[in-house]
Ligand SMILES: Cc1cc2nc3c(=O)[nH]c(=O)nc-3n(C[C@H](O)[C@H](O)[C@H](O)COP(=O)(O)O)c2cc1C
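What follows is a single chain, given as structure tokens, in the form predicted alone.
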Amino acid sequence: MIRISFAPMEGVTTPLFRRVFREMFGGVDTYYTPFLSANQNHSFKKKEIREYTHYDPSLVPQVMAADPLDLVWAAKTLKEAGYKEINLNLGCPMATVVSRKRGAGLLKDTDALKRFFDSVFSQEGLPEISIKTRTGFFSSEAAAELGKLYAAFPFCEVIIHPRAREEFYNGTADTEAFKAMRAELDCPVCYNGDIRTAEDLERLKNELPDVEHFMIGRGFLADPLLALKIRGDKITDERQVVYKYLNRLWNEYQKELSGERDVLFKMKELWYYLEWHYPEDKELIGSIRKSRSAAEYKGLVAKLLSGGRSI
């Protein structure tokens, strides 16, 4: 029986979004928070606290840290909040993150990374720690070396996105690099990368028969019904289901955000991913992403998903 997780997406997979997605579609076993920044002040921002403050057994807080003692503080804080596992982000490729030796920036110097882990695991009273990693910094030729490094520490799981940091999200995920890292590890592993259809997942299950955990991020944003399709559910009026989902999100964001402009920004951000699923409607989606008012946005979305009818 495979497990399906929803990858954290900064600014998108908020508590509100996770609640709506879970209630409308289900099919996801584990959610991860967008990264919580562990800093030298040993305090989370208010918006970060909101990510985890209402304990959810299906949620794993993800942490980003440059200093091992900051990570230890964050891990113990989250354990006190009820979480039995935290996830360390070693995958974010953004330059502003990497320059501060966070996320994938920690992969650049494997000796420093080993010292980081030595310091973390010398501490007592920690929850279980998993990591989400890429297969190298400059190239995926480092996959096996990194796998050996991770194998020396008691991680409860290693989530592998098989691209090097320098690739960002370009090209295709390298399953051979995944296998090279996987071969060095004794702990459970999770595959993450380029799962956009139920067929993609089926192909990966056949290629990686010993992997029981798959993480999907952009695929769920592009096709919100993907979890249902993976379960084998039959879906009628797919566009109308997506339309109802987007209306529900609009209404929920309206309760939480300060005004129409903020809600519009949130919704238009989703269309960057939804565009992948409707390539034949690229021109209309371009207009949706340029819309400047709620009325204009809603009219265009209704035209695309419900034949112009509000439902």
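Numbering starts at 1 and runs along the sequence shown. These figures come from a predicted structure and were not determined experimentally.
From this point on, the text means the form predicted in complex with the ligand, which you will not see here.
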item: is_contact(A104, the ligand) in the predicted complex, heavy atom dist at most 4.5 Å; value: no
item: The ligand contact at P34 in the predicted complex, heavy atom, 4.5 Å; value: yes
item: R218: touches the ligand in the predicted complex, heavy atom cutoff 4.5 angstroms; value: yes
item: 4.5 Å heavy atom contact, L16 and the ligand in the predicted complex; value: no
item: Contact segment among 228-236, 108-116, 188-196, 174-182, judged by heavy atoms lying within 4.5 Å of the ligand in the predicted complex; value: 188-196
item: The ligand: the contacting residue among F44, Y273, Y243, Y52 in the predicted complex [heavy atom, 4.5 Å]; value: Y273
item: All of W250, S291 and K298 with a heavy atom within 4.5 Å of the ligand in the predicted complex; value: no
item: Stretch 161-180 - residues with a heavy atom within 4.5 Å of the ligand in the predicted complex; value: H161, Y169
